[in-house]
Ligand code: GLC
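Next up: just one chain, as structure tokens, the form predicted on its own.
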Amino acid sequence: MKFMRLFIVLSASACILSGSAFSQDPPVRAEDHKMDWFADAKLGIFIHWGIYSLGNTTESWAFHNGDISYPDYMAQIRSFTAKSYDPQYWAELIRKSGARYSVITSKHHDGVALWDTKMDGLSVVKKSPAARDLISPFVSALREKGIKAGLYFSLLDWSHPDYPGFKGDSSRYDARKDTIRWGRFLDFCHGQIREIITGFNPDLVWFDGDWEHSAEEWRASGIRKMILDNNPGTIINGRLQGYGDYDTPEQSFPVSRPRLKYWELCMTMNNSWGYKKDDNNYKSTYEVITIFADVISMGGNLLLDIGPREDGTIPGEQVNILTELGKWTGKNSEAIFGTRAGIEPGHFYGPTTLSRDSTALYLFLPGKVTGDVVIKGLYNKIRSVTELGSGMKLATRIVGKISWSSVPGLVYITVPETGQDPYITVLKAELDGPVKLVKAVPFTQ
């Protein structure tokens, strides 16, 4: 009995200790999973809108590069009306494209705010015929549609009297030497950041212009802390001198997957970020969709840009691209949203994605395919192959499989000429388990 009592006491003590240990596990925090929606989203719509949207100049770089004088550039604010601005229409068009988030310029490098900033008087609210906050109604419209709202913010401000000028080498002063003046600018800059995060509580803050100063000079760690103190779930892009959450390549498609786990390609539809009257060099819908397929195949997101006119109307070419893109994403949503990066190059000649549990392999076939497509080095048995959209079952056969070897044969899939998508046909291969591939052996001479 004494032994039994001792056993019970020891067992109870163990339970108490065990319970104590479990109770000390850190709770799940919002920031632990904040990138989940971003990883699943795949498609975002970028919006560059400002006084440059009259269409006569590029955005702020026009005066920086000497294409137009600074006074003439800033004079455009007197013609910025937003008279036909319909944020509900914008949000619905974005929803129809299939995009899960959108990022709008709250302030570009020219320093003109699209909200009613209290930090200075330079805003479309105070200086333009628009005479109202343009950010609030758009953020509200996005959230009504279930779309995540992001705000672009330029850290540098080439209009502010306490910023060191149009260029990093300074036409006014050296920020490293005149710390008092630079401190005044940082108070302004951080003050505007505080306004947009507390006023709009964005799901994503998309910084730009960080290249002219170091992380220490920007006090980037303080900016990040400010944002996450307001909302631990807010995502920050990769342009905060090392204090962001993901890589942001621009225009140029990476040949290999970027270093960080999360990444996003931001890209224009033509050659301009903002609306430009004489820029009609639009990418075709086919080109946009093939680029998008490559991006998601490498585990990234595409942030596709539109540039509305100053009155708030969106050019027809841009509306058409978003509409056609939406038809394709709607038809093939299973292979796009919530998927993961596809199989390594060499196993299939084209983009691929995988389902979250890796038991479904999606194959993207750009253009019209005739004959067979091939998967190499796949150990799994394929249960079925179907064409998304139509649900058509496709025939498969194994070629080159030797009974005494563990090396898999080649999987040939016959793709009929009829029923193919005009842009990219997507096939779904259901596997007998998580994807298992032959590992590449390095080539040696």
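Computed from a predicted model, the values in this text were never measured in an experiment. Counting begins at 1, following the sequence as shown.
Quick note: we don't show the form predicted together with ligand GLC, though the next part is all about it.
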None of Asp187, Glu250, Asp174, Asp311 but one has a heavy atom within 4.5 Å of ligand GLC in the predicted bound form; the exception is Glu250
The listed residue (Tyr152, Tyr362, Trp90, Tyr101) that reaches within 4.5 Å of ligand GLC in the predicted bound form by any heavy atom is Tyr152
Here the chain appears without its partner; judged in the predicted bound form, the stretch of 379-387, 404-412, 37-45, 54-62 with heavy atoms within 4.5 Å of ligand GLC is 54-62
| query | Should Val288 be classed as touching ligand GLC in the predicted bound form when contacts are defined as heavy atoms within 4.5 Å? | reply | no
Inset, instruction - State yes or no: in the predicted bound form, is some non-hydrogen atom of Asp372 no more than 4.5 angstroms from a non-hydrogen atom of ligand GLC? - result: no
Wondering, does Trp211 line up within 4.5 Å of ligand GLC in the predicted bound form on heavy atoms? yes
| With the partner left out of view, is Tyr275 within 4.5 angstroms of ligand GLC in the predicted bound form by any non-hydrogen atom? | no
Restricting to 184-207, the residues within 4.5 Å of ligand GLC in the predicted bound form through any heavy atom are Trp206
